[in-house]
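One chain comes next, on its own, written out as structure tokens in the form predicted on its own.
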Amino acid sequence: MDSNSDTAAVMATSTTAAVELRGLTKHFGSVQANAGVNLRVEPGTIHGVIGENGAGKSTAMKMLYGIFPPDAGEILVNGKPCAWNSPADAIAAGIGMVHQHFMLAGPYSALDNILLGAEPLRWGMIVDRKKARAELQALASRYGLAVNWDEPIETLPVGVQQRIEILKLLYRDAQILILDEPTAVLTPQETNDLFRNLKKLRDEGKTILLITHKLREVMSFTDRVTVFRAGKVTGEVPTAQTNPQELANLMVGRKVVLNIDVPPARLREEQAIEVTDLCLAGTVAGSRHKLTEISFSVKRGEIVGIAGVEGNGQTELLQAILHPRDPRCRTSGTVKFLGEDVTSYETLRIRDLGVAVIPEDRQQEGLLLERPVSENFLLGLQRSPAFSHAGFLNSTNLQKAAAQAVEEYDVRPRDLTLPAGKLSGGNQQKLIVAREFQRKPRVLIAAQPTRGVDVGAIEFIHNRIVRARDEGAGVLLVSFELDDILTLSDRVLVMYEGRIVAEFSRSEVSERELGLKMAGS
């Protein structure tokens, strides 16, 4: 921990808390999300809030931000009791929140998104965009948050979108910032930039609550950390007095293996995936790079990881091999799954070969958010003999299998009727993983499989991917998390500007060299 944060932590002990939660309790129907939560956050500090998916940490922060009213308990801000009717009340009191899934209007510009609801007016009726632009440019320059103000949000990389969310809070003069899994969609470089700015904000006196599952970030960037489990606070400690293993054990309630041992691969002769001279003109929505002469193979019984900074063609590659009939993904070259040329296949026909997919974007590509957990578990499996006969759904088998999967994969809460959109991000991810492994895949394409999940779930998902490999599946792993790539991959391919620029075997890959290749060196 740096000296500034040490000083801040020592000085804060004699001050009034910036935030204090006393006995905060919240129910959603029969589900208790929080039970008597007590939490104290000192001013001018970065305070980590960690816990398993569904542990209640985001719910507690959403009560602080005015999204949910507490059923019982008290919220104090700068020593004064507060009761919010909406987030507008919290914003007026100097509290801002950046959600895990950004709250931005895609078709509109960065400037319009920031001003929405806080428009400066001339003569009480005309939006003073020139004044707003000047103020925002000053903020952006001060904190190194470069943004193209006139670019539509939907065309901007996620790292820039997050800068816009933070600028929204700074523009509204928020003194207490809540960030929910802020690095879940960021590259390592963007993560370092983010925390450099957060430290600057802290040193200027702002208070930051950081909800995260990444223990490396907690240890590197926070002053103090509170641990949630099953809706309650199970521990609070100065960061300098703890370690990742202790925090992981507190989160999960058992000893967690932070780095699993992966035995050597037992390769089969059969090729699971063969991609030859694949080229794409860059027409996929949001594409920034063409694919150029991509060729690689994955054998059954092997995990091949694709590493790279986001935006270097990974999304386009996945779209091209899974949706070859989509006009936006038209390519030259060939793609084979299990020896069968699928270049002209519909996606459903590809999936029927025994291909399971954990998609990059769970909400857009993996779930029907308004439909219940049981129906989301069925997606893609509705024609399986286990769940249908003569065109009729076997509801008994579905409910039994879904209940078993929810239990086995620890999806919380255990409510099959709950809309998938009501699950936390990590529990949405676990639901998708449970569904895809139900297929007993011969080919597994896993894109960002641990995005937004806690340490216990990461351990579980890693073990499942390795088990699928050992049972004979060929696994293509695409991840911006170097821990995923370095832990699981038998071979690593590096993508840079739409090309594969390097290949490493497990025995020769190192984080340093991998990082250099990812940067184009």
Partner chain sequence: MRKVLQPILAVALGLALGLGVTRIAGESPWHVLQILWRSAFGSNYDFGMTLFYSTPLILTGLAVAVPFQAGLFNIGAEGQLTLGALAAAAVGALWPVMPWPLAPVLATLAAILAGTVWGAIPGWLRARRGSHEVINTIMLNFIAAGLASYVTLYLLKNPDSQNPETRPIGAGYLIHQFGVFGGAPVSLALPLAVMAAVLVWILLWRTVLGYEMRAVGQSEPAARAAGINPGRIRIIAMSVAGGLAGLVGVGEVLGNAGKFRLGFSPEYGFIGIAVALLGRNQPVGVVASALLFGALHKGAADLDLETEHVTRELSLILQALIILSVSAEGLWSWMKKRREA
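Predicted model, so just to flag it, every value in this text is computed and none were measured. Residue numbers count along the first chain shown, from 1.
The form predicted together with the partner chain exists for this protein as well; it is not shown, and the discussion that follows is about that form.
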item	value
Contact segment among 320-328, 212-220, 264-272, 241-249, judged by heavy atoms lying within 4.5 Å of the partner chain in the predicted complex	320-328
4.5 Å heavy atom contact, residue 130 and the partner chain in the predicted complex	no
4.5 angstroms heavy atom contact with the partner chain in the predicted complex for residue 351	yes
Touches the partner chain in the predicted complex: residue 396 (any heavy atom, 4.5 Å)	no
The partner chain contact in the predicted complex: residue 383, any heavy atom under 4.5 Å	yes
Option touching the partner chain, based on a heavy atom within 4.5 Å in the predicted complex, out of 407, 365, 340, 293	365
Position in contact with the partner chain when the complex is considered in the predicted complex, options 148, 276, 86, 347, heavy atoms within 4.5 Å	347
Neighbours of the partner chain in the predicted complex among 384-400 [non-hydrogen atom within 4.5 angstroms]	388, 391, 392, 393
